[in-house]
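Okay, so here's just one chain, in structure tokens, the form predicted on its own.
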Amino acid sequence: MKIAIMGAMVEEIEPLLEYFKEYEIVDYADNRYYFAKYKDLELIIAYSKIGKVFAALTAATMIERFKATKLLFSGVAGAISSDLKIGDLIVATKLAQHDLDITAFGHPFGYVPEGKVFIESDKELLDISKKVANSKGIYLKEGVIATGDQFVNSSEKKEWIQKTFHADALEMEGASVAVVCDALDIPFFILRSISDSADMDAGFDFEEFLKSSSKKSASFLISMLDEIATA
């Protein structure tokens, strides 16, 4: 089985590369892909760069060129739900593009003809994540994640996204990865660690959080790989 593991930033995949140690590097389409073996699994690891276009390009490359059969994505997100605090983990049950707007033609936000507002994550991978969370004693929230090509720091915009999409968190890549995987019939899973929330400390150090969060997420994904390998 060949599994793709994606992040948006290099910091989000560095702990994985440190863990697997030995890997082959392939440069393709202005990006770098790392190939490793773990138990009976073949892994393709890459960071896409920030934003929907780069994320879609990387996901499609991993699937179409490098033949991944499942895709796991890990990164950070901003909280919308009051249930989420800095450092919490959330897995997407479904995802939507909050910045996709052709409402002038009578369509709902996030929708284009022949498309969907929401793309649902793979239920088997969600079940595996819940099993891992229980075994590690980790609080893992399931919810809707909204994606857009903008960093949203307006409370009014966050409230609109929450109301419109019933979203719990927002970020800049997940829904585009979901669209690619859905179109190509590839099971996918989106894991996010909360990097900012309504009650965040003014002295919060994002760079330090990104490192610690990436290690936590990498450990979680490795445990998921263990479950997938023995399934």
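Note that this is a predicted model, so its numbers are computed, not measured. We number the residues from 1 along the sequence you see.
In what follows, reference is made to the form predicted together with S-adenosyl-L-homocysteine, a form of this protein that is not presented.
- Checking 100, 91, 152, 117 for any heavy atom within 4.5 Å of S-adenosyl-L-homocysteine in the model of the complex turns up a single hit: 152.
- Screening 28, 38, 206, 66 for any heavy atom within 4.5 Å of S-adenosyl-L-homocysteine in the model of the complex leaves a single hit, 206.
- Taking the partner from the other structure, S-adenosyl-L-homocysteine in the model of the complex has no heavy atom within 4.5 Å of any heavy atom of residue 143.
- Although the partner is absent here, residue 171 lies within 4.5 Å of S-adenosyl-L-homocysteine in the model of the complex, judged by heavy atoms.
- Put simply, residue 84 is far from S-adenosyl-L-homocysteine in the model of the complex: not one heavy atom of it is within 4.5 Å.
- Proximity of residue 6 to S-adenosyl-L-homocysteine in the model of the complex falls outside the 4.5 Å heavy atom cutoff.
- Partner contacts here mean any heavy atom within 4.5 Å of S-adenosyl-L-homocysteine in the model of the complex, and among 104 to 112, 131 to 139, 75 to 83, 118 to 126 they occur only in 75 to 83.
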